[in-house]
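Two forms of a single protein chain come next, each set out by itself as structure tokens; they are called structure 1 and structure 2.
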Structure 1
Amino acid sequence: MSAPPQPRLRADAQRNRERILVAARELLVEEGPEFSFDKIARRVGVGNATLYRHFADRRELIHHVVLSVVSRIADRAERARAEEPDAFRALSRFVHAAADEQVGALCPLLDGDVDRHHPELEDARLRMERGIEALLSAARNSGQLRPDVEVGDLMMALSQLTRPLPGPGCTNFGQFIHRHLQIFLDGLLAPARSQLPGRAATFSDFRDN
């Protein structure tokens, strides 16, 4: 079942809503789910009343931040596949674009701050999963992707490499993400130079844990 459509906002109200989501996402990455509404309002340059007109409480705002990120990741997967004629280049483009969403920093929110089964989020998640699977399948069929790599290997690397390191001394780790992702991507190329131990994670593993 899909969620009922939201009423269309005026252009200025829509811009404010999008700016609030961007600022909230930034603060979630920087501070975690205990961010301050006051900080969001200051960062966007609006009053607290504007925030509460769009989002009734912290839980609703976090829901829409996660929904926005998942939807953009799905968009990036679909766009990379449509615009890149080379299948592995499309996969690489998607991986670097998805890293910019800092999905690893937002993963902890799924442990309790978000209703994973909300229809809006389910729809966006399924579209994201289909888009990523299609990229991997195309790269595998082209002979460029080693055949033992699965979607869980990709998502695990994205999650881990985009998760902030603990401690106040590691705030600039983000400048190294794309370098490390490229090392990871080079390891996905066929022919494989090793045998991978164990099994790959699945989307179900990510949802159930």
Structure 2
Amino acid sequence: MSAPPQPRLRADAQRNRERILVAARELLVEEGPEFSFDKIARRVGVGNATLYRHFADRRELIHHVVLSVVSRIADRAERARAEEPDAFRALSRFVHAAADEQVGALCPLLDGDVDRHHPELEDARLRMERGIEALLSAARNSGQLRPDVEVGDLMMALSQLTRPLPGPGCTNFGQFIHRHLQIFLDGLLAPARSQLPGRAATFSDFRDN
């Protein structure tokens, strides 16, 4: 048979690859899918050629970033659901955890910057969607979640509230994110304290164009 397709990366290569993915996720969240490759290299402290050795082009890099974020979010959803008996507490724990995982990086899922039908990614995405839907259904069924919100509402607001602000300032915003998430979560509790305008946002509102 043929040689293993991945003959195992050298130790430093593996380390660099992961640090690149981390930096790419940050830049993706900060600047959107048009981030600069050289900037990532500078941030990691690595030559820019290293980027191209690991990832053929922008799409491939973004693909791996999104893949890693989506699976981590999926993990968080599943763990929250498994380990937290109270349905709304599980949801709440997930929301705070997802903030730490930079959910904002999911935005490029929306436009054409990612191969939406890549099987690996499709699997992870489904796992994530099911996990989050499950958290939400459980909270709704337990009567703790207001009935007029959908999963897209949660995901959009979560993405927005956790995104860093543009420009060099605004550095101390980070320490308040979890407060605002918590306030938002309080607004999600039943009974609903107001009637919401418009219609509820679904996952496809969050995902599609």
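Numbers given to residues start at 1 and step along the sequence of structure 1. Since we're looking at a predicted model, the values are computed, not measured. We call the rigid core the largest set of C-alpha positions that still match within 1.5 Å between the two forms.
Matching the description of the form predicted in complex with the DNA is structure 2; structure 1 comes from elsewhere. In the core-superposed comparison between structures 1 and 2, residue 48 has its Cα shifted by at least 2 Å.
With the core held fixed, the Cα of residue 140 is displaced between structures 1 and 2 by less than 2 Å.
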